[in-house]
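Just one chain follows, in the form predicted alone, and it is written as structure tokens.
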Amino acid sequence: MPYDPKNKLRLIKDVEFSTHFKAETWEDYNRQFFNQLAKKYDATNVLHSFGTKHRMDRAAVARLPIKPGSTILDLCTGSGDIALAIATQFPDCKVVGVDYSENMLELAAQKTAGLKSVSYQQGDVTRLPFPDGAFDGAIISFGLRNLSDLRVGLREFRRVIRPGGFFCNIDQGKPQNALFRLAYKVYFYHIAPLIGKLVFHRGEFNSFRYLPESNKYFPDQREMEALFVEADFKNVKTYGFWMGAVAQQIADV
């Protein structure tokens, strides 16, 4: 299905956001969702990734063309896993994390406490409070799907990265192996939401419904590469984890 930001309105109904949250805009629905999820966020990631989340983060960060002394922007930083991975693997770099959810930022600050190279700001990543070319690189992990308009976000990210820098996206992809794709679909769309309802989210919004439902409207690897090129990124390369179930794009600016 070609990417269309209007599908966000369909997604609100698909996942029943309006039943659990009171909001006027997609952005506020999303903020309330992640504020509620914050304390359980890391635990749900362990289940979604079968315990491989941190290993994937480290491998993805290791691929980044980060140079000594760089300043890196971590978009939709969430609970700070990527910021921590960058600060650990590249200790001479500075990391600035931005997220719309204040509860997630509180968790991130706790996770990276004591690391003077990491700082955080609350804000909408589609309207960044930074000048053009302020960063040597930027990364977003499982965040593009949360934006009201992916294209607007990509253009804004491109704006704040200096020429010669890089941009990276990590998110759900579409598995390439047919047998694995079938097994993954059964787990992702049926088993995981049931576990979420019974174990994690009794009487509240079931976050395990959000990823599979939002994935219906999220670009696959090939379309994501095309959207990068449309936003004036260059030399886009895609890497896969879990047979393409998770994809990483890295592009030059």
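Being a predicted model, the structure only gives us computed values, none of them experimental. Heads up: residue numbers just count along the shown sequence, starting at 1.
Form predicted in complex with a small molecule: not shown, discussed below.
J.: With the partner removed from view, which of 159 to 167, 96 to 104, 129 to 137, 172 to 180 is the stretch that lies within 4.5 Å of the small molecule in the predicted bound form, judged by heavy atom distances?
T.: Answer to the contact question: 96 to 104.
J.: The small molecule isn't shown here, but in the predicted bound form which of 154, 108, 76, 118 has a heavy atom within 4.5 Å of it?
T.: Result of the distance check: 76.
J.: Please pick, from 217, 34, 205, 188, the one residue with any non-hydrogen atom lying within 4.5 angstroms of the small molecule in the predicted bound form.
T.: Of 217, 34, 205, 188, the residue with a heavy atom within 4.5 Å of the small molecule in the predicted bound form is 34.
J.: Give a yes or no on whether each residue among 30, 53 and 123 has a heavy atom within 4.5 Å of the small molecule in the predicted bound form.
T.: Every residue of the candidate spot has a heavy atom within 4.5 Å of the small molecule in the predicted bound form.
J.: Quick one: does residue 90 come within 4.5 Å of the small molecule in the predicted bound form, counting heavy atoms only?
T.: Residue 90 lies outside the contact set for the small molecule.
J.: Would residue 228 sit within 4.5 Å of the small molecule in the predicted bound form, counting heavy atoms only?
T.: Residue 228: no contact with the small molecule in the predicted bound form.
J.: Can you check whether residue 45 is within 4.5 Å of the small molecule in the predicted bound form, heavy atom basis?
T.: Answer yes; at least one heavy atom of residue 45 falls within 4.5 Å of the small molecule in the predicted bound form.
J.: Given that the small molecule is not shown alongside this chain, does residue 82 nevertheless sit within 4.5 Å of it in the predicted bound form, heavy atom to heavy atom?
T.: Because a heavy atom of residue 82 falls inside 4.5 Å of the small molecule in the predicted bound form, the answer is yes.
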